[in-house]
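Just the one chain here, laid out as structure tokens, in the form predicted on its own.
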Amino acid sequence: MEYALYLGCTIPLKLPHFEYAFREISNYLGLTFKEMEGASCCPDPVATQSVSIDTWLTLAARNLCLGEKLGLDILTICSGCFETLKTAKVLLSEDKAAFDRVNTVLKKIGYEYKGTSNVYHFAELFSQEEYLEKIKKILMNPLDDLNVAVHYGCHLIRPSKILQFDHPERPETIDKIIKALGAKTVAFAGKLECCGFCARLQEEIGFKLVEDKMTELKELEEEVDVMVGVCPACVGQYDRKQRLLSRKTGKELDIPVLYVPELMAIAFGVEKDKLGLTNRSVKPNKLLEKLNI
């Protein structure tokens, strides 16, 4: 399968090891990509939209045009990018006036949005039965002894009326991927809570949300070896803030947080030294020791 690969801003600029892990597992799974040269910020699904919906739609439509020019559907590796591009596609298909306003602007720079390319998140793709079976066959390091906490975040499955690929209150796509790797996913009350990344003006809210979730995971009867997410903002939020909270509160909050493709890469046998697993606040040393790699 071939897709137009939309990388967004955060991963290639700040977290290139996430991109490396994703490209590695994609090679194993037989995916090929064409690069979306000239792509811009998605743009951000919260800030830009709240300032000007037309600007937000126009910027998103320009990115969608790049996929259309390649004649391919678009695959995203960031949940915020996925929500923006998928939501823009749906809104423009339902609002002819907005569609026309956007194309009036795009025409000035030589673009025309048609709505012919679909938008997918890699979690949506990899959780399909075809890919789950491929994952099971590829495993070099099955994760049979791991207890994994899954964080879905806000942008992957909501607004559910628009994104429509997983249940907004009982999601299972990421869990399916983790189970295909041989690991066990743990149940916990705060599984669907927001990470608090966007609470920049009241950062204490973000700290409280991180503290509540990580404290709950530490208090579970079964020890959690790792938490995983598919959004770079969420992964970074839990990684950095739990370390800061440990210093501030004295709590031993030390659960490593990985991007799902990183855990997949480990299971597929990608050399750990190439994955940049130490490029985070909470080092996954105990996790790697348990996996004996």
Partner chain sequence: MTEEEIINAEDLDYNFRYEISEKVGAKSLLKCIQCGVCSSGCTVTEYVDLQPHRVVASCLLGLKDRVLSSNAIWTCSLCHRCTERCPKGVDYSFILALLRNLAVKEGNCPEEYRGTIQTIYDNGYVVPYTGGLATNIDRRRDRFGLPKIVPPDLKEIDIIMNETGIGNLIKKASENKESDK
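Positions refer to the first chain, counted from 1. If you're wondering where the values come from, they're calculated on a predicted model, not measured in any experiment.
We do not show the form predicted in complex with the partner chain, though everything after this point is about it.
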Would the partner chain be touched by all three of Asp175, Val186 and Asp225 in the model of the complex, meaning a heavy atom each within 4.5 Å? no
Want to guess which of 117-125, 176-184, 140-148, 96-104 is within 4.5 Å of the partner chain in the model of the complex, heavy atoms only? 96-104
Please determine whether Glu35 contacts the partner chain in the model of the complex, using a 4.5 Å cut-off between heavy atoms. yes
Even though the partner chain is not shown here, does Leu59 get within 4.5 Å of it in the model of the complex, heavy atoms only? yes
Using a 4.5 angstroms cut-off on non-hydrogen atoms, would Glu112 count as touching the partner chain in the model of the complex? no
Counting only non-hydrogen atoms and a 4.5 angstroms cut-off, does Asp54 reach the partner chain in the model of the complex? yes
Mind listing which residues of 154-170 have a heavy atom within 4.5 Å of the partner chain in the model of the complex? Cys154, His155, Ile157, Arg158, Pro159, Ser160, Lys161, Pro168, Glu169
